[in-house]
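Heads up, the chain below is alone and in the form predicted on its own; it's given as structure tokens.
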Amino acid sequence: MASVSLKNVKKTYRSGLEEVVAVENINLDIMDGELLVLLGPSGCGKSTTMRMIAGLEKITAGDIHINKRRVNDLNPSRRNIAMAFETYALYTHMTAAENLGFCLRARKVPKAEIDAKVSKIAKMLQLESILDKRPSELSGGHQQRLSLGRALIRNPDVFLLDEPLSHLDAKLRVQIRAEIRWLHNKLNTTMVYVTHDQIEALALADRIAIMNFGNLQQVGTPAEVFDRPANRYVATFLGEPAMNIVPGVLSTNQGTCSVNIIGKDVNLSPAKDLTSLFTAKAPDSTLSIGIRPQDITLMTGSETSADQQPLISGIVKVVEFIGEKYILTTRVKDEEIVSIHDSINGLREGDKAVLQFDKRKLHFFEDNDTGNAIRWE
């Protein structure tokens, strides 16, 4: 096991006369035994970051330490890392047992020791029954476990997984995801896991590092990045369906604070301590307001709210039934609000819907390019 530290790590490429920045000054500390997920859309720099840790990409600037040892100039074989690739990278002419033991044979490990380790890993990953089969004879799940096992057999300091579930069907992804989490708990090995799937990240990670355009946006536990996003990008990237973002105007009157949300004035003062919000934003200033779909209630009857929660009405545009839940897309003036409900009381497209926002769950963001969160508690 080992810790991993990235200090001001940068990666640039040359494209003709232009310099393209792939990763911009990343500072990230991965703790010993932690499962950290690098999360972001395609092209955000997450795989490049992993490849720099592995030594497959040369860094342009900064330092990388593994187990407190600077590894900038060490080739991959001397970093004691193991990597499982998106494409499995199995040797098609070898059996599963031969694939598992290949790296040990390359190191001239005695045959008896190789056989013992292959047997141990195969038992751990439930591969005993397919050890004599070649990759072409295996299911996607077995191939993925074989790829993981081939990396694990080296007993690495750091285990790197580059989108290992992207080729599996939905049911198998859930199964293998649980196995990876179980495997991490059992081995307590430092793991860095790259994915663009935010559900995968939330389910697997001890901490998540969210990236966009080569920049690190936020690092925290799944609960921290979900409940307290650092900016508008993180807020909308995490969650399915995504957080609703609408424009708002902040105002104050005789010591109370309210915000106008899609034409509705909502008194915020009883809900939170707003001292920081007063100091962060001047009265009558614009901001972006976020509310997650699960924090919106579908009302029935008259448009009244005993607890003074904001009520907003609109016309149902789309109804989606996803098994146990309904997803409503409601048109409110020029905005579309997505909400999740256990029941929709027979509502159909074109019907009027009255939605109640939980004002204790509102998120506020700067109304500019950064979209940084405004903390109000």
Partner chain sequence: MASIELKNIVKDFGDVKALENLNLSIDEGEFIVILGPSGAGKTTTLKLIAGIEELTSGQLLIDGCDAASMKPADRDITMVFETYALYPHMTVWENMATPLRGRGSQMDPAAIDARVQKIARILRMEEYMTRLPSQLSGGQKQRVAMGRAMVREPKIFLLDEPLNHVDAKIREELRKELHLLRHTIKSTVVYVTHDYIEALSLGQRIAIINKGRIEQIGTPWDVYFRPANLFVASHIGQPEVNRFVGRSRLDGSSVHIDFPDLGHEIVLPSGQFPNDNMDGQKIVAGLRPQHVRLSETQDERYQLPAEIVIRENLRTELDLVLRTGKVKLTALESPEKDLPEGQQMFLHLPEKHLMFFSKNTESRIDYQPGN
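Remember, predicted model here, so these are calculated numbers, not experimental data. Note that the rigid core is defined as the largest set of C-alphas that superpose within 1.5 Å between two forms. Residue numbers count along the first chain shown, from 1.
Not pictured, yet referred to below: the form predicted in complex with the partner chain.
- Leu202 is the sole member of Leu202, Leu148, Val266, Leu183 with a non-hydrogen atom lying within 4.5 angstroms of the partner chain in the predicted bound form.
- Exactly one listed residue, out of Leu56, Val319, Leu311, Ile344, brings a non-hydrogen atom to within 4.5 Å of the partner chain in the predicted bound form: Val319.
- Heavy atoms within 4.5 Å of the partner chain in the predicted bound form are found in one stretch of 106-114, 187-195, 134-142, 165-173, which is 165-173.
- A residue is said to contact a partner when one of its heavy atoms sits within 4.5 Å of a partner heavy atom; Asn67 fails this definition for the partner chain in the predicted bound form, lying far away.
- The partner chain in the predicted bound form is not approached by Glu98, whose heavy atoms all lie more than 4.5 angstroms from it.
- At the 4.5 Å threshold, heavy atoms of Ala242 reach the partner chain in the predicted bound form.
- At the 4.5 Å threshold, heavy atoms of Phe102 stay clear of the partner chain in the predicted bound form, well away from it.
- Contacts between stretch 322-360 and the partner chain, counted in the predicted bound form as any heavy atom lying within 4.5 Å, involve Ile322, Gly323, Glu324, Ile327, Thr329, Glu336, Val338, Glu349, listed in sequence order.
- Taking the rigid core as fixed, one finds a CA shift for Ala61 smaller than 2 Å between the shown form and the other one.
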